[in-house]
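A single chain comes next, written as structure tokens; it is the form predicted on its own.
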């Protein structure tokens, strides 16, 4: 009797578990798995936005993607954007976290103000910065003109527009890096610093032997999240320069242009699959690095 009762309880528990997990799995399949499979299927067709005529073309779309000079340029530009923006955000965010880790008056107010940029919509902030950096009536050029300095065309000069977008992205997402770094710094046991002080270790040695190694896993996670997001950069570019500007065109804006301007859904699906593979590859590299850090700390 006890065995039969245990079996019934186990079945009842499984039924309850599946009734709770089942709807979530169905939503996951409906909104993630199915669109992904459908996109992969479209990438092997010549489907267009207008018209219902489509046929299987094999790997033709992928051949066009990798032979397209626009794709090569967008890939280089996106990689440069990821390296410069995420690198600057990491250094500035970590420096900001070091400044905020100690207790002082108005710390909570300062922290709240610092975190405001990352809470705002990138598209809206892109439109605001397009006004701020406008070469004719923007606030930045008005300030520069009032003190007798040159007034560059931040969003129309070919040599400046890309870096202007990088600066805006750094302004928006440095607080995110600072928040993650601050969490890592706050989790370091105080007795480690006390022991280093007793041993009269220099500040640089304390930083290199305690602060940096202890915060490295969280910093690596922050870089992973920001790098994968920056690799898909779309909002700021669309709001400030548009998708057709060759000097600022990223992979995502090129994908938008391919689908919605040229109407090439099949080719756009191939672009999307390539971008997905790049994001997965980048995420894999960082997760292996984080796993390496975890194993090093355990040993």
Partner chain sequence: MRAVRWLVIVAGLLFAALPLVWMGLSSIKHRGDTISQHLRWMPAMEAPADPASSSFEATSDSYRDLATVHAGAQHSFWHHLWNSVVIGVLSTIASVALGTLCAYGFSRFRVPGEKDWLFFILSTRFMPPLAVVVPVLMMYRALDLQGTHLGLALLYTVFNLSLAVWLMKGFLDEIPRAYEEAAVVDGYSRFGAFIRIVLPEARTGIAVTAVFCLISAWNEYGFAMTLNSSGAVTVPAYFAGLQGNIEGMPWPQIAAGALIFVTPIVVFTVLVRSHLLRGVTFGTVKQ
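Positions refer to the first chain, counted from 1. None of these values were measured; they are calculated from a predicted model.
Omitted from view is the form predicted together with the partner chain, to which the following refers.
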item	value
Interface segment, criterion being heavy atoms within 4.5 Å of the partner chain in the model of the complex, picked from 67-75, 188-196, 222-230, 156-164	222-230
Listed residue that, although the partner chain is not shown, lies within 4.5 Å of it in the model of the complex (heavy atoms), from 131, 80, 149, 212	131
Partner proximity in the model of the complex: residue 238 to the partner chain, non-hydrogen atom cutoff 4.5 Å	yes
Distance check, residue 200 to the partner chain in the model of the complex, heavy atom within 4.5 Å	no
Partner proximity in the model of the complex: residue 252 to the partner chain, non-hydrogen atom cutoff 4.5 Å	yes
Interface membership of residue 137, the partner chain in the model of the complex, 4.5 Å heavy atom rule	yes
Within 4.5 Å of the partner chain in the model of the complex: residues from 15-29 (heavy atom criterion)	16, 17, 18, 20, 21, 23, 24, 25, 27, 28, 29
